[in-house]
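To begin, one chain is listed below as structure tokens, in the form predicted on its own.
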Amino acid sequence: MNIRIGIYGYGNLGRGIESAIRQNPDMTLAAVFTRRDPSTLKIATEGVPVVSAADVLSYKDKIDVMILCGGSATDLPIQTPELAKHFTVVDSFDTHAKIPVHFANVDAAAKEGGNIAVISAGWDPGAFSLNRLYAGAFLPDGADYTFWGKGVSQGHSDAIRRIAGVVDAKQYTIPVDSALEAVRSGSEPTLTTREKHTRECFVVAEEGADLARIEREIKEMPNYFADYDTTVHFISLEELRRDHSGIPHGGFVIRSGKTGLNRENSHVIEYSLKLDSNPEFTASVIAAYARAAHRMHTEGACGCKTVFDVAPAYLSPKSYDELIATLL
């Protein structure tokens, strides 16, 4: 089986997808689609066409799965439904509260075109979502806890960059150790947002900018920093590039629960990730779901799917017999 992959959009995630395809011998990169001038976009894989996004439909018969790499908050709500009319698609839409609306829009479009669309494939939502589902099913009498970090939050970093007087910035989300230990103890604590995470910001400001104002705007920013204990460091551009050029991330999904007639036995399920590169790991997850989407489409399925709908066997390059013999 050779799955012909198209990448719609590029950037950090697109580069990760390109790398992931190289690690999956059943996949081939067929084309990269860009809204920029195609002649200015350089990719690592030689001989693969870089095509204007306006010409994407001319590749309808040359692409088995289209992977969408646009911005989750702005691009994907438009791009995924539109392309799902014409292609089997996978996206990593990650605005949790808006997933139900996104699902409905993509489902209608994919069914109109007779295609499969897998949305919100990544690690959260995605791998973490699966672990929350499994743990809750195994321990129905219990509580879920999700911690993110230590890692770079790209959305929060972008929010800082939009502040007047900011040249560049990186923001790290950091779990509070005492909260983690309380959860791991199985005591099922009730924790506020502020008690679970802190935020640390490294900011490059314009020369002469009002640093006190910038710090105040960061710490008071609703939906981003206002609910957290936030530390702001002002550093030089050279320091930012030297010490904060990576995009690490990770986190923990933990469920503690009770069993027994009198809830006398405690159990803790923990799943953790420690990632050197958030976009490259996300890309690896998306590649596996591209394989699953192709398999489901060839079997005649259509409509919008999430990680909850995809059988684990569809993700693996191994045959079902191999999976039973080596992993079960």
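None of the values given here were measured: they were computed from a predicted structure. One rule holds for the numbers: they count along the sequence shown, beginning at 1.
Absent from the display: the form predicted in complex with another copy of the chain. The rest refers to it.
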{"property": "Listed residue (Ser58, Ser272, Thr40, Thr298) with a non-hydrogen atom within 4.5 angstroms of another copy of the chain in the model of the complex", "result": "Ser272"}
{"property": "Sole residue of Arg241, Arg216, His96, Arg162 within 4.5 Å of another copy of the chain in the model of the complex, by heavy atom", "result": "His96"}
{"property": "All of Phe33, Tyr228 and Gly303 with a heavy atom within 4.5 Å of another copy of the chain in the model of the complex", "result": "no"}
{"property": "Leu13: touches another copy of the chain in the model of the complex, heavy atom cutoff 4.5 angstroms", "result": "no"}
{"property": "In the model of the complex, Met1 touching another copy of the chain (heavy atom, 4.5 Å)", "result": "no"}
{"property": "In the model of the complex, Ala44 touching another copy of the chain (heavy atom, 4.5 Å)", "result": "yes"}
{"property": "Contact of Pro125 with another copy of the chain in the model of the complex (heavy atom, 4.5 Å)", "result": "yes"}
{"property": "Answer range among 97-105, 187-195, 217-225, 165-173 for contact with another copy of the chain, defined in the model of the complex as heavy atoms within 4.5 Å", "result": "97-105"}
{"property": "Interface residues of 127-154 toward another copy of the chain, as seen in the model of the complex [heavy atoms, 4.5 Å]", "result": "Ala127, Ser129, Leu130, Asn131, Arg132, Leu133, Tyr134, Ala137, Phe138, Leu139, Pro140, Asp141, Asp144"}
